[in-house]
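Quick setup: one chain, the form predicted on its own, written in C-alpha cells, and binding and motion questions come after.
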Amino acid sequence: MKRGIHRIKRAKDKENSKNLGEKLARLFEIPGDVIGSRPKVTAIGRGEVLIENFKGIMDFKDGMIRINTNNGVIKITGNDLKIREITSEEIIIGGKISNIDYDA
C-alpha cells in the first residue's frame, strides 16, 4: 500500500479556483460569462427574460418571481408572469415585465 500525503480541499480552494478561472479568462481574452458561473440576464423587449447560470427559484407569486444566483437574487416583477422554459442551466420567464432588480 502506498503512503503519501493527501490534501483535503477546503472552501478557500474553491475561491482560488474561481479566481484562477477569471485570471485565465482575462489572460486569453475570453469573455467572463463563458468561463465563470456568473448569471447572464437577457431581456427581450418587455415580454421575455432569459437567465443563465441560476441556482433555483426562491419565490413565485402573482406578479413577482425571485431567482437565486451565485451573485445574489434577481427579482422580476410584472403582470401575467409565467415560466416558459426551465432547464438546469437557464430559465425563461415571459409576461408583461415591468422591472428587473438585482439584490447582492
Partner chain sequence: MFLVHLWNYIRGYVIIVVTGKSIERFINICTKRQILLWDIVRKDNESAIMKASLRGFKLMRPAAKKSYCRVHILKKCGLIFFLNRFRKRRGLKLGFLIFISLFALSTSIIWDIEITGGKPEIAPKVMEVLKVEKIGRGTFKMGLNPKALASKIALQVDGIAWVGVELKGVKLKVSIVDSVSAPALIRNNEPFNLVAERDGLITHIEVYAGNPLVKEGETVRKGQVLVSGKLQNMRPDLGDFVVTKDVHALGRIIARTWYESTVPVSTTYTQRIRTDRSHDTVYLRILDWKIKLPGKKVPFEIKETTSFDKMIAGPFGLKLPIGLTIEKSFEIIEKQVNLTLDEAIRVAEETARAELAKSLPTDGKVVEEKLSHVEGEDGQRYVKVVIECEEDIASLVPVIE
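Residue numbers count along the first chain shown, from 1. What you see is a predicted model; the values in this text were computed from it and never measured.
This next part talks about the form predicted together with the partner chain, which is not shown.
Contact with the partner chain in the predicted bound form, judged as any non-hydrogen atom within 4.5 angstroms, is confined among 23 to 31, 39 to 47, 55 to 63, 71 to 79 to 55 to 63. By the criterion of a heavy atom within 4.5 Å, K96 is excluded from the residues contacting the partner chain in the predicted bound form. Of the residues in 59 to 90, those that come within 4.5 Å of the partner chain in the predicted bound form through at least one heavy atom are, in sequence order, D59, F60, K61, D62, K82, I83, R84, E85, I86, T87, S88.
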